[in-house]
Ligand code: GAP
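Shown next as structure tokens: one chain only, the form predicted alone.
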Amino acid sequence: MRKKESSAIEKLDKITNLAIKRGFFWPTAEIYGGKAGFYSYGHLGKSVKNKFESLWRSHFIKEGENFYEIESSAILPEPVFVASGHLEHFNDPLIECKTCHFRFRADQLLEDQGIKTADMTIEEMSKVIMDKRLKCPKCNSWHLSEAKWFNMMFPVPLGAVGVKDMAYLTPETAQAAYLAFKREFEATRKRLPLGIAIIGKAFRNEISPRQLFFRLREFTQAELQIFFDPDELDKAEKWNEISRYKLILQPQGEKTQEISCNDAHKKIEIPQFYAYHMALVQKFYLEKLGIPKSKFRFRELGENERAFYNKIHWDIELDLETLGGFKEVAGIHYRTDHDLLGHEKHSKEKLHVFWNNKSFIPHVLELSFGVDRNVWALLDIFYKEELKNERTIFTFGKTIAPIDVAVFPLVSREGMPKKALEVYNMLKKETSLSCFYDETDSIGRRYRRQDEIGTPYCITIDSQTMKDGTVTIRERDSMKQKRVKIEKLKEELMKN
């Protein structure tokens, strides 16, 4: 095994062990052995997830004056997926080992050997696997079946009989937005662009889930569907605000480059409406989440890689050491009128609108984020080991740390625990900060535990507190401390 691969696996194992131990996540139904593709969030992981979702809402939904969040059912009737094409096209290439009967994806088997599969047909995948005599990843046998298509949706029979009334767990939140479009358009005074956002569950029966949160069978998506007049694809109301902003792009067949929105529009022919939202997405990652520029890029997908209905498709990728490089965590997709047109055809419900003195079916720009993938990305990117200080640390930005501040009495005597609880309760009740109280073990061990989960500030009540009403604030990254009056504590913490 190469050194880089070994380092990635070692880091992945360390983060996973820490996450399970401290309460970020663990396998669902762990006491029964768990099941691949299902994970549960502990209190720390749920806090990070909630904060990601809150930042996403404030950044993207508040961006548009006609953007709204809705909620829909996770179970949708079969005709929805006939219209969307999921019943016909939502497939992965499956192979079965004839020796141990383990089932896995043909494309994954090839990609693990460094063979790109984006342009391959399923017949070509089978041929390459047979020609190279690739083996089963479980039992090492080369007696493999030919690849065949496997539909990844979970069927849900409705009612007592079930056969006549079939439904499916939704494999994406997007379809619910398209189903809601007509109602929302009328309820919001018939204006475009109209943004419909959904943060919700999606379900995919992955053949062989792996890579933790990158191949889940149940996961959370945060998606914004923007319905607009296609004649305005090359217009952006706030273009002047971002025209000089530099995007980090990897166009198809080229190296990664930094290029202004204006040049991306002129040289790469990215429409203004699309480029504007690329800038919005990049600012979310670099400014709101604090992702280093070197870890971020947009990658353009070619015609053979992207879904057939996507006319323009750029993935948002983050460089994740635990997974061997840049991995997709989100995407921007220009879906044209494919979705509404399909639903109009199959439902017989008119989905045309009248806007800008004409009747048409709106086009859709989709901003799609895998919430769980982004949570793992945050754990990967902000995990640090400091040999000099002999500590493990998550250097989360203050907007995403699961706990904002921890409060400790230096020792469990001389009235310090009582005073520490007073400070803890004051911060908990009078601020929006998430707080934690601890008085067990030495103060050094308590600091290390908070460093390990990424808490930005620790407040310690000591003997001097009992004399003059001051406490120490310890900052996580630098480990520097300063004394502050208790009555100034809220102001100091909120300022930081």
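Note that the structure is predicted; figures quoted are calculated from it, not measured. The first residue of the shown sequence is 1; numbering continues from there.
Separately, the form predicted in complex with the named molecule exists; it is not shown, and the next lines address it.
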State the residue from Tyr274, Phe213, Tyr424, Phe284 whose non-hydrogen atoms include one within 4.5 Å of the named molecule in the model of the complex.
Phe213
Students should find that, of Asp337, Asp263, Glu300, Glu206, the residue having a non-hydrogen atom no more than 4.5 angstroms from the named molecule in the model of the complex is Glu206
Non-hydrogen atom contact Arg373 with the named molecule in the model of the complex at 4.5 angstroms:
yes
4.5 Å heavy atom contact, Ala406 to the named molecule in the model of the complex
no
Taking the shortest heavy atom distance, is Ala330 within 4.5 Å of the named molecule in the model of the complex?
yes
I'd like to know whether Ala177 contacts the named molecule in the model of the complex, with contact meaning heavy atoms within 4.5 angstroms.
no
Using a 4.5 Å heavy atom cut-off, indicate which stretch of 135-143, 221-229, 348-356, 180-188 touches the named molecule in the model of the complex.
221-229
Considering only 355-394, what residues come within 4.5 Å of the named molecule in the model of the complex, judged by heavy atoms?
Glu366, Ser368, Phe369, Gly370, Arg373
